[in-house]
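Coming up is one lone chain in structure tokens, specifically the form predicted alone.
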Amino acid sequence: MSAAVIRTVNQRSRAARSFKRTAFSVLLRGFSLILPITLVGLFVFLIWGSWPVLQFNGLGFLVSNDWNLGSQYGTPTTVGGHMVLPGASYGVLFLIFGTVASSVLALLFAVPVGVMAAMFVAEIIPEGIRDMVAAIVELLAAVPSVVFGLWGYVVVIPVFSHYVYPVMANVLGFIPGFGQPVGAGYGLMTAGIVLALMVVPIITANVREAISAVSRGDVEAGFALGATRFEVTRKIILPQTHRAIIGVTILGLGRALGETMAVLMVCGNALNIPGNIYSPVSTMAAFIVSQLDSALQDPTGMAVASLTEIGLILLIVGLVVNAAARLLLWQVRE
């Protein structure tokens, strides 16, 4: 084979490899753009769908506590240049309260349990079975939310309404919001308990990783100085993992804020701010699901647009919460 033929073959081979690298790079870049394009598309869709209500309600949508689809059999009227059913009003203050209250309550339960479980898995369990136990804990995050909702409906509601909530009301009744009546079990406390169980695996898994990243030299030095395991945990491990704990707490808050089916099955779907911690409540995500069928009966489309605006608010809140959590976790890794 002549030298010219060999050079031609080599040139073609290099050109083919260069083409493959270029094509692969372009393909990867195309796939990497799918997620930001999807996010932008969601924003555009939600803003477009809720634009009539954004003009009709203004900021009153966030501070009003009156949700009424209006008379389904009445003749639509023009209010402020928009066609609405007679008596229709859209206010979601009670939804904002229910969403925030149930999520915060869930974190009050989940953070201590998740952090202590992470410390137990990372520090106490024998090393031979540590990875297996950690995998089992993390598998809880893969359980469908409707399963947690069924557990709350079948177990938490009857047990807590008959045996736990009455005791709480009698013992803690002097605290505003903890007194009678305890109701039938559907409400804020039950939603918080169910959400807590869903958030615990996220907190446990991330905090365990942070604890595993703590310098073993620092831990051993603490034991060498005569410190107890509690003192080592409090003075060495926790100071080095506090940012991670804050970050995963916010990450868990994002999960709790957007949960739908599990909360829908146990919250009671009230259209007002709850009178106490046991009263029925509703969250933004659960409310969208529960009201969608009725909203579709509105010929003016304002009810569906209002639900779309709730989705827009929920998306913005979720993005802000998760972005804050990611920033804190990145600081920890640095």
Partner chain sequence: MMSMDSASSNTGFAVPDGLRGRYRRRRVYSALGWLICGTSFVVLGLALLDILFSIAAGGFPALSTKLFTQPTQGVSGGLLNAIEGTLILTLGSVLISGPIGIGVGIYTSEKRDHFFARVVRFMSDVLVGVPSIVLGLFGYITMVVGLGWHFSALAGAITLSVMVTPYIARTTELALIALPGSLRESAYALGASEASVVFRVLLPSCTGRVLTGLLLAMALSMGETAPLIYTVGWSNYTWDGHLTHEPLGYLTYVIWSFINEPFQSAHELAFAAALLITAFALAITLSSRLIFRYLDKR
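Positions refer to the first chain, counted from 1. Just so we're on the same page, rigid core means the largest C-alpha set that superposes within 1.5 Å between forms. As the structure is a computational prediction, the values presented were derived from the model and not from experiment.
Missing here is the form predicted in complex with the partner chain; even so, the following discussion is about that form.
Although the partner chain is omitted here, in the predicted bound form all of Leu39, Leu139 and Gly311 have a heavy atom within 4.5 Å of it. Taking non-hydrogen atoms only, Pro158 never approaches the partner chain to within 4.5 angstroms in the predicted bound form. The closest heavy atom approach of Thr260 to the partner chain in the predicted bound form falls within 4.5 Å. A residue is said to contact a partner when one of its heavy atoms sits within 4.5 Å of a partner heavy atom; Val147 meets this definition for the partner chain in the predicted bound form.
In the predicted bound form, the partner chain sits within 4.5 Å of a heavy atom belonging to Leu33. Only one listed stretch (173-181, 194-202, 98-106, 239-247) carries heavy atoms within 4.5 Å of the partner chain in the predicted bound form, and that stretch is 194-202. Interface residue among Leu93, Val113, Ala213, Val164 relative to the partner chain in the predicted bound form, by the heavy atom within 4.5 Å criterion: Val113. Along 103-122, a non-hydrogen atom within 4.5 Å of the partner chain in the predicted bound form is carried by Val113, Met116, Ala117, Met119, Phe120, Val121, in order along the sequence. Val44 shows a C-alpha shift below 2 Å between the shown form and the other one [criterion: core-superposed Cα displacement of 2 Å].
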